[in-house]
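Just the one chain here, laid out as structure tokens, in the form predicted on its own.
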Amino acid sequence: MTTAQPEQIAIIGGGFSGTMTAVNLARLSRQPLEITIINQRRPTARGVAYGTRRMEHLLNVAARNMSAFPDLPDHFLQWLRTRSEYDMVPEMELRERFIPRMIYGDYLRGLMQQYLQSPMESAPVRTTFVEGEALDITPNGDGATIRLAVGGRVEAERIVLATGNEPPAGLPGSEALQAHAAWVGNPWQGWENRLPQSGGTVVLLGTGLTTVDAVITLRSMGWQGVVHAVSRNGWLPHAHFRGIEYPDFPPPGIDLADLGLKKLLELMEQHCARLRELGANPAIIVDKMRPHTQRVWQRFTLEERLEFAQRHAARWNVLRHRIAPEIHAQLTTAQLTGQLQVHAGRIEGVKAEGNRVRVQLSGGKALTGDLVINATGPNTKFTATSSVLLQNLLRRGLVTPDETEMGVRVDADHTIIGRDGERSSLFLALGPLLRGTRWETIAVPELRGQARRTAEALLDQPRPVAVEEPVMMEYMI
């Protein structure tokens, strides 16, 4: 009797999305599989977010909503109880605790070890880890060959693209600064050893979560200089807060996905005003939107999606991607003491000025820094990707941009749609690559569901009904 050969699945990207897709394959598969995870730079499972080695970098979501498994909501809490520093913390306190991201990386590495590196002898799944950059993929018959930068090749019958966030887009003049000691084009690569002496100046381009990380790191290091942070609106992330029960939104009998952008914004503003009258934080409405956001986004017209991304996304992100109260308190202190100065203005260009970098802003204003860090956030124009692999796949039509050009075009089960308009027999995608299709696609509560659904699609275990995973509220009641 001939034994069936294991199906060969390659996952490109070893962050949360790629690792948890592999873990779910190992959990769910009843057939032989050979999985290869191709990962570069960061330790597998940690990725950029959880690869930090600094304990002051905290999760932006409370522990109660950080399980890596959609079907095991308390899994992360139970894992925390195995660590001595958390075993005596009261249950309600632990549920609302914002855990260091480095510890969450330990959690993910533990899952990788349990399911992928130490499987039982009888397990049908075997995993190989390859450190390196995938440069190109060539279809060949029933599968494809993945070419690596180090010269090797990986054969696969199915391929998952879990490449994560892009580095920030370049700024006018930044091409000439790549070798300048005072310029950091990628904030997720080490810059701490390039800090000026205390009394110097750091300029952070952007006021989002990456800038928050940088400010908290500088304070933890005891650096005493001045930090300037600049963005178009000058908005820093808000803190998580203690909310109130508010059952009036969405209103009974109203399907938010039927409203369209204009009516939805009007309805949200009405309820935000009502919450202000009650003395409550209007960001509760953003949280109440969370279980509906992907479906609403998918029902928007292309024009509505583009309008939202251009006119409303900045405000949405400030309210939606909040930070731990203790981190927000540090930012407030830094502003009150004058160490952190936030500016609103459009960044028109950057250029060298001796051993410093000058940042030109709209209105004639300029900032000059001993160290200038591009923290403007991930590049979201897919056709401008800096990935050699993705550019090669685009050129051949093996992947194609979605209508918004924020990511790849995919079907409901994460299967990529090629230039010919057909479902790919090779490729699936998840994570930030689905930004244009799903909008909410970068946080664990969404990614864990995507990882499971991708594994189910690979195993031909489709769900009978497409149900969006409920998402717990972010505020603390």
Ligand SMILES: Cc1cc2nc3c(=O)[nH]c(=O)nc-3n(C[C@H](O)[C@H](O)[C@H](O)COP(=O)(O)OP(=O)(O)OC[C@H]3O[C@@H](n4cnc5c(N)ncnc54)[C@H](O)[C@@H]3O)c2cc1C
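On a predicted model such as this, the values are computed, not experimentally measured, just so you know. Counting begins at 1, following the sequence as shown.
Unshown form predicted in complex with the ligand; subsequent notes refer to it.
For the ligand in the model of the complex, the listed stretch (406 to 414, 44 to 52, 419 to 427, 23 to 31) containing residues with heavy atoms inside 4.5 Å is 44 to 52. Taken together, 38, 59 and 164 are fully in contact with the ligand in the model of the complex: each brings a heavy atom within 4.5 Å. Among 389, 80, 202, 284, the residue placing a heavy atom within 4.5 Å of the ligand in the model of the complex is 389. Shown without its partner, this chain lists 216, 398, 373, 134 as candidates; in the model of the complex, only 134 has a non-hydrogen atom within 4.5 angstroms of the ligand. Put simply, residue 158 is far from the ligand in the model of the complex: not one heavy atom of it is within 4.5 Å. Contact annotation: residue 66 falls within 4.5 Å of the ligand in the model of the complex, judged by heavy atom distances.
At a distance threshold of 4.5 angstroms between non-hydrogen atoms, residue 434 is out of contact with the ligand in the model of the complex. The ligand in the model of the complex is not approached by residue 454, whose heavy atoms all lie more than 4.5 angstroms from it. Along 440 to 457, residues 442, 443, 444, 445, 447 each place a heavy atom within 4.5 Å of the ligand in the model of the complex.
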